[in-house]
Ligand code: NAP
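This document opens with one chain alone, in structure tokens, the form predicted on its own.
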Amino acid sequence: MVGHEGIGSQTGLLGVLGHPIAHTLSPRMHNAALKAQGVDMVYLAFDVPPEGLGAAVSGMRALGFRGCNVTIPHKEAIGALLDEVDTMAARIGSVNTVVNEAGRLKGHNTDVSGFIAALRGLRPDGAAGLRCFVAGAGGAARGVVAALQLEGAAEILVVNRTHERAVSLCAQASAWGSAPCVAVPVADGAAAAEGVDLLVNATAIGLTSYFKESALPVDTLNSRHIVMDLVYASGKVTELVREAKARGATAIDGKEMLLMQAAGSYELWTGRPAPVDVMRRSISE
């Protein structure tokens, strides 16, 4: 059993590496799942600034961690520190899950499948045929764009504060699927977004600052839009979701994607089907 009373010398270590990390619901969710299935592992959160990532990975090796999740801002950088990455993680250049396979650290990406599952919960056809607007060009955005390509989106617009990163992402995304991917300057974001169906915030805006600093054209939202904010706030909806719903849009925060990508990670670490209902209750209570 997992819990302070059950931790022993054979208890496996799992965790999440990110910066900032105080907001994370991952320990609550994974520890609930581990306890429900009687898996002798414990999951912790580690605040790791970018300059400490190499040392953190070395520490995981030395301490025999069973694995970890990786979140902002490390999803792109950690791949070079691992022994191997799987096909999806290598293709999109983003790792969100690390598994210790007999001493070899292997990177995986469950963000893609997690995003697809969360979107299909809102729209059974997923992104098929949709014009999509993505704010961000980091590791989370790369997973989103890959998912949109796999799902058959009609068009993908990417807006990022550093325009060159959006250009680079779109250039690579042309190899991931058939949807045109267009990098749009921030100044042109609102105009370009007219007529889109799905808007995704894949930046950290809303995690540490107010969402209107992002490139998302919230003032143009209406009842035909679907809005997915990958940021989540414990116990409440994010400002973006609140604003979108006030304008009649269908909107969710990042908890559902968090849940679905976590289920994929859990299965990689334990070899067991994830107790999704238990995990969902743990982050909704």
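Note that this is a predicted model, so its numbers are computed, not measured. Start at 1 with the first residue shown and count on from there.
Keep in mind that the form predicted in complex with the ligand is not shown, yet the notes after this line are about it.
**Student:** Looking in the predicted complex, is the ligand within 4.5 Å of a heavy atom from each of 75, 204 and 258?
**Tutor:** Yes: 75, 204 and 258 each sit within 4.5 Å of the ligand in the predicted complex.
**Student:** Looking at 92, 140, 147, 132, which is the one with a non-hydrogen atom within 4.5 Å of the ligand in the predicted complex?
**Tutor:** Filtering the options by heavy-atom distance leaves 140.
**Student:** Given that the ligand is not shown alongside this chain, does residue 161 nevertheless sit within 4.5 Å of it in the predicted complex, heavy atom to heavy atom?
**Tutor:** So residue 161 counts as contacting the ligand.
**Student:** Taking the shortest heavy atom distance, is residue 41 within 4.5 Å of the ligand in the predicted complex?
**Tutor:** No, residue 41 is distant from the partner.
**Student:** Test of understanding: in the predicted complex, would residue 230 fall inside 4.5 Å of the ligand by heavy atoms?
**Tutor:** Flag for residue 230 set to yes.
**Student:** Quick one: does residue 165 come within 4.5 Å of the ligand in the predicted complex, counting heavy atoms only?
**Tutor:** Within the cut-off, so yes.
**Student:** Given that the partner is absent here, state which listed stretch (99-107, 84-92, 187-195, 67-75) has heavy atoms within 4.5 Å of the ligand in the predicted complex.
**Tutor:** Of the stretches listed, the one contacting the partner is 67-75.
**Student:** For a quick check, can you give me the residues of 16-38 that have a heavy atom within 4.5 Å of the ligand in the predicted complex?
**Tutor:** If the 4.5 Å heavy-atom criterion is applied to the ligand in the predicted complex, 16-38 yields nothing.
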